[in-house]
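Quick heads-up: it's one chain on its own, the form predicted on its own, in C-alpha cells.
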C-alpha cells in the first residue's frame, strides 16, 4: 500500500483564532485521552498535526496535515464517520464551513477535499510499510526477546548462533499470533528499481543532446540538419546563460537588501527569542523520541524565484521517490516523513517534518549532510531574519550555521496538535525490525546469522 499526504488549508475567522488555538492545544496536550479527537481510532494514520498560522496577518489559516496509508478520500470519509463532532468543533471556526456541518457528510467531505493542497515534495523513509506493518514488526521483536528471556534456564544463550536462530524460528512458526511473519514483506517496485527507472528516464534527453551535438558539428550532416541542430544548441545555451545571469542578479540583490536590513538579523532574532511564541514551539519538543517541525517562510518576489523553487522541489521529490527511499534522505536517517508545500497564491512555503531526536541535532544533520539541497530550496524564501547569503543557488547558504539556525527557528510555527502512531520508534528501529522479520526464515551463513542475532 502506498503512503499519501494530505494538507488541508482553510482560512480561519479572525475573531475565532484564539478559541481555535485553545481547542487545538487542549487536544495536543492529551493526544491519547482528550474528549475531542482520538487519532488512535483512525486506521492507517501514521502522523497528523493541526496548527494555526496567524502571525498578526489579516488572513489567518488552519493547516491539517496527515500522512496515511491509502488515499486521502477514504481516510477523510472515515474521519467524518468516526469523529464528526470533532470535525465540526474544529472547522466551525473556519471560513465557508458548511452550515449543516458533519450531519451532511458528503458536503463536508467535499469541503475538506477542495482545500487539500497536497504536497509539492513528499519524502517517505520506508515506502510501502503501513502502520500495521510497523507495529506488528515491533511486536514480533518484543515477542522474540520475551522468548529468549524465558529460555534463560535452558541456557539458550550458550548455544551456537545457528541453533539459537532455529529455535527462535521454530517458536515463531508455531505461535498462532505470529503466523503473518512467516511471509517476508516485499519492498515496493520503486524501492528496488528506483535507480534503474531514473537512469532510463535520463537516457532519452542525454542521447538527444548527444545527437544534437553530433548533428551540429559533423561533416556528414546535411546543411539543413546542421543549421537546425546549431539553432537548438544556441537556444538551449542562451536560455541556460540567461537563467544563470538572472540567478546571480537575484542573489546580488539579496546581498544588497541584506546589508540594508534594519535592524540586523542578530538583533531581530534576539528580540524574537524573548517572545512567548518561542515558548509555544519548544514546549512540545523532546517530549518523546520523535519531534515535529513546522516552518513557514515567504516566497521571494518575482516569477524567477517561484519557478526556481518549483523546479528545485520537483527535483527533490523525484529523488525522494526514486533513490532516497531506503530510510535516508541525503544521508539524514532520522526523518520519518517530510513535505514542502507551496500555499495557494504562491505566497508562502510550508515545511513539515516528523523526525527523531532534538531539533538542534536535526538541523546539524542538514548542515553537515544536505546543506546544498536545503539551500537550493530555502534561498528562494525570506523572513525577518533573512536566509544566509547564497551563491549559485547551492553554495554557502545553510553552511552559515548560526544564521541558518536562526532563520529556521524564526520561521517555525507552534504545533498545537501532533500525533504519531508509533512515537517510541526511530527510523533505525523500524529498519532493524524490518530486517529481523525479513531474515527470520531466510537461509543465512554463519556470519549473517550472528549479525541477525545482534539485532535483537
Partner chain sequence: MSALERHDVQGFVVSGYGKMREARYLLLGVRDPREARRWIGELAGQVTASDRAEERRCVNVAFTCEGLATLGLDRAEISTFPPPFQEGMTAEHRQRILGDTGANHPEYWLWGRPVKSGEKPPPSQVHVLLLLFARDEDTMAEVEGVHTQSLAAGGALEVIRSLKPEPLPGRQSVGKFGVEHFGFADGMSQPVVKGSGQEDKLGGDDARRTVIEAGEFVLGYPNGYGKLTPWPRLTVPGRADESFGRNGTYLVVRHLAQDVAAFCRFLDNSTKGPNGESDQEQAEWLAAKLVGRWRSGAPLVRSHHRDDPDLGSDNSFGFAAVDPYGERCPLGAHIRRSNPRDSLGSDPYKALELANLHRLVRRGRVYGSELKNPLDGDDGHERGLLFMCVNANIERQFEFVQHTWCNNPKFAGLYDEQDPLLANQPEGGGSFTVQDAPIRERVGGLSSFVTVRGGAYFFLPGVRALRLLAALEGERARADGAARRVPKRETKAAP
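Everything quoted here is computed from the prediction, not taken from an experiment. Positions refer to the first chain, counted from 1.
From this point on, the text means the form predicted in complex with the partner chain, which you will not see here.
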Residue 40: heavy atom within 4.5 Å of the partner chain in the model of the complex?
no
Although the partner chain is absent from this view, report whether residue 416 comes within 4.5 Å of it in the model of the complex, heavy atoms only.
no
Residue 180: heavy atom within 4.5 Å of the partner chain in the model of the complex?
no
Do residue 272 and the partner chain share at least one heavy atom pair within 4.5 Å in the model of the complex?
yes
In the model of the complex, does every one of 265, 289 and 367 come within 4.5 Å of the partner chain, counting any heavy atom?
yes
Consider the chain as shown here, without its partner, and state which of 360, 81, 110, 96 has a heavy atom within 4.5 Å of the partner chain in the model of the complex.
360
Work out which of 339, 300, 136, 284 lies within 4.5 Å of the partner chain in the model of the complex, going by heavy atoms.
284
Which one of these stretches, 421-429, 30-38, 64-72, 45-53, sits within 4.5 Å of the partner chain in the model of the complex when only heavy atoms are counted?
421-429
Using a 4.5 Å cut-off on heavy atoms, what residues in 131-148 are near the partner chain in the model of the complex?
138, 141, 145, 148
